[in-house]
Structures are given as structure tokens and as C-alpha cells.
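Here's a solo chain for you in C-alpha cells, the form predicted on its own.
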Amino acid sequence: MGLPNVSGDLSAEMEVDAFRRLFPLRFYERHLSESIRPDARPLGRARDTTLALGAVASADGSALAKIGSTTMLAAIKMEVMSPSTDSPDEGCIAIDFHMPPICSPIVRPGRPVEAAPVVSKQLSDTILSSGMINLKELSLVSGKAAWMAYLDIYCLDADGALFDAALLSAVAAFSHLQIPIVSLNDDGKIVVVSEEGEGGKLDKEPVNKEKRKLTLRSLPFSLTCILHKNYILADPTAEEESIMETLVTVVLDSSSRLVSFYKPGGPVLAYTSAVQDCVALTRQRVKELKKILDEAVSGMEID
């Protein structure tokens, strides 16, 4: 009885790994010709996705989102501000996207990351244009006080499709958000009532008598795809993004209405048929993400 050829198997594995490192595009194209990816996913399938609400106890709303290895932590902190004269009955939302060195070996300490402000702007435009949040719900006293929602999103692992995971974590954090109780102090200013003071007697009548949640409408979800020759790869990894550079991000709301379409350059033209295929893949992905979010919210209500 012969022994298994361990050295032969190891040699073959090393040859495959060397070929992948030396000729990454050819390596991927061999897989694409078989309609499969090196991680065994079909071309149109997204990675496994998980969502956990309430990940940051000190925040008013928070969520941890994972798409494959890509991991985002979103936290919302509410502060009282004076509304602008142009919008006296509206609050504001400020969004910051952070990429600390822990998220990727290409991120260096002390050096700004080009992708961070781009994703921040993209998130702000998407959330505001989607109509998910009615800014009038953030008003406290017309012309005098309103809520400023500070949303900070930290990328803990940058393994591709950063915007998709960041948007998912942002939507989930707003779904988890509870607006604090506020009251008027002796100077007539609005102050946040502490957790300890909620059970006791207040000197002034609370402006809002209990913590409340925002009424969210038209939740936006996105899917990033790679266009390479005649292939469309959904939810790319960081390696795939570095090899095949033409990215397309489609954002649809929960009613399948197009919110935005983003293509930051790339050598491949986005023909009508390719765009339609990307939208169809996004429509299916929105159903998956909506189900994941609903299950996470239901789990929090049971707890």
C-alpha cells in the first residue's frame, strides 16, 4: 500500500500560490472562465453578511456590520444645537468615516487615507438624498433647539466593498438609535436628562417625555460590482478590487427605487446591459440585507 504523495501535493499548492502572486489577473481569469471565483463564490453572489445592534453601550445608537471579512463599527451620538436660520425646524446629521491603521496593511499611521473622505461624502449624499430620515423629527424647539446626530463609522477590516458595509452599518445604527430625553434648565436652555435622573422628579417638564426612535423611510442599501471584460463580479474583495479596477456601486432603497449610481472611473465602459445586470443583482441583494436588518431589530426587541 503506497503512502500519500504529501510532497507532491505541497509542491502543487506552492505552484498555484506562486502563479497567483506572479500573474494575479490570469489566475482570476482562469476562474472567471468557469463562472467561479477563487473563494468558491458564483460571480453574482455576495459574501456572508452579519449584523449586530447595540455594539457600543455608550452611544445613542450603534451597529457592527460584517460583509465577509470587511467589518464596520458605526456609532451615533446626539447633541443639542441651535438650528440654522434657513431651517429652523430641522436638525442635522454629520457623518465621518475613519480608516485606522488596524483596518489594512496599506494604511499607515499619521498618513491620511484618500478613500476616507470620499466614502464620508458618498455616505452623506446617499443618506440625505434617500429620504430615510426626516430632519424635522430632529427638531426640539422651533428656531431655538434641535438635535445634531454625529455618526462615526470605523473600518476595522478593509477587505473590499467598503461603502456597502459602511452604509449597512449606518442604516443599522439609525435603526437602533434612541433619542435621549431632554428638559429645560433654570436658564431656559435645553439639557439632556441623565439616565439617573429619568426615574426621579424633574425641575422642569421634559421637552420629550421618553426616549423615542426615528421614523425611518426608504432605507438605502448598496451593492458594489466589478466590471471586467464580459464579467460582473458582485461584492468584490480587496484583492479583486486591486486587480480589476472598474467598480460600479448601485444604491437602491427598500422599495427598489434608484437612489444613486456611482462609477469612479476605470477602463471598462458601463454599457446599458451591464448597468441593468448590476441593478438586478442589487435588487436581489437589497432583499437579503433588509431581511438581515429586520432579524437584527427583532432580536433587539425580544432582548
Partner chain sequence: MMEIDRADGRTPNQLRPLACSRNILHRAHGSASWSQGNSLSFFWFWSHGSAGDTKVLAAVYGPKAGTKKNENPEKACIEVIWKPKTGQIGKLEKEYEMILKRTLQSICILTINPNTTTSVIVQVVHDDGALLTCAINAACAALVDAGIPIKHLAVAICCCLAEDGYVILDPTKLEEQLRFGKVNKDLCNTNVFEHSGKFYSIAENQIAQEIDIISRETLGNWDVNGAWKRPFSSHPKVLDLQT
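Positions refer to the first chain, counted from 1. Note that the structure is a prediction, hence the values are computed from the model and not measured.
The same protein also exists as the form predicted together with the partner chain; that form is not shown, yet it is the one meant from here on.
**Student:** Honest question, do 47, 295 and 300 all end up within 4.5 Å of the partner chain in the predicted bound form by heavy atom distance?
**Tutor:** No, the whole trio is out of contact, none within 4.5 Å by any heavy atom.
**Student:** So the partner chain isn't shown here. In the predicted bound form, which residue out of 238, 52, 270, 32 has a non-hydrogen atom within 4.5 Å of it?
**Tutor:** After the contact test, the surviving option is 270.
**Student:** Going by a heavy atom distance of 4.5 Å, is residue 106 a contact of the partner chain in the predicted bound form?
**Tutor:** Within the cut-off, so yes.
**Student:** Hey, in the predicted bound form, does residue 145 get a heavy atom within 4.5 angstroms of the partner chain?
**Tutor:** No, residue 145 sits far enough from the partner chain in the predicted bound form that none of its heavy atoms falls within 4.5 Å.
**Student:** Report whether the minimum heavy atom distance between residue 43 and the partner chain in the predicted bound form is within 4.5 Å.
**Tutor:** Outside the cut-off, so no.
**Student:** Taking the partner chain as it sits in the predicted bound form, is residue 76 in contact with it (heavy atom to heavy atom, 4.5 Å or less)?
**Tutor:** Heavy-atom contact with the partner chain at 4.5 Å: absent for residue 76.
**Student:** Specify the contacting stretch among 158-166, 82-90, 116-124, 217-225, defined as having any heavy atom within 4.5 Å of the partner chain in the predicted bound form.
**Tutor:** Checking each option against the 4.5 Å cut-off leaves 116-124.
**Student:** In the predicted bound form, which residues of 65-104 put a heavy atom within 4.5 Å of the partner chain?
**Tutor:** In sequence order, 95, 96 come within 4.5 Å of the partner.
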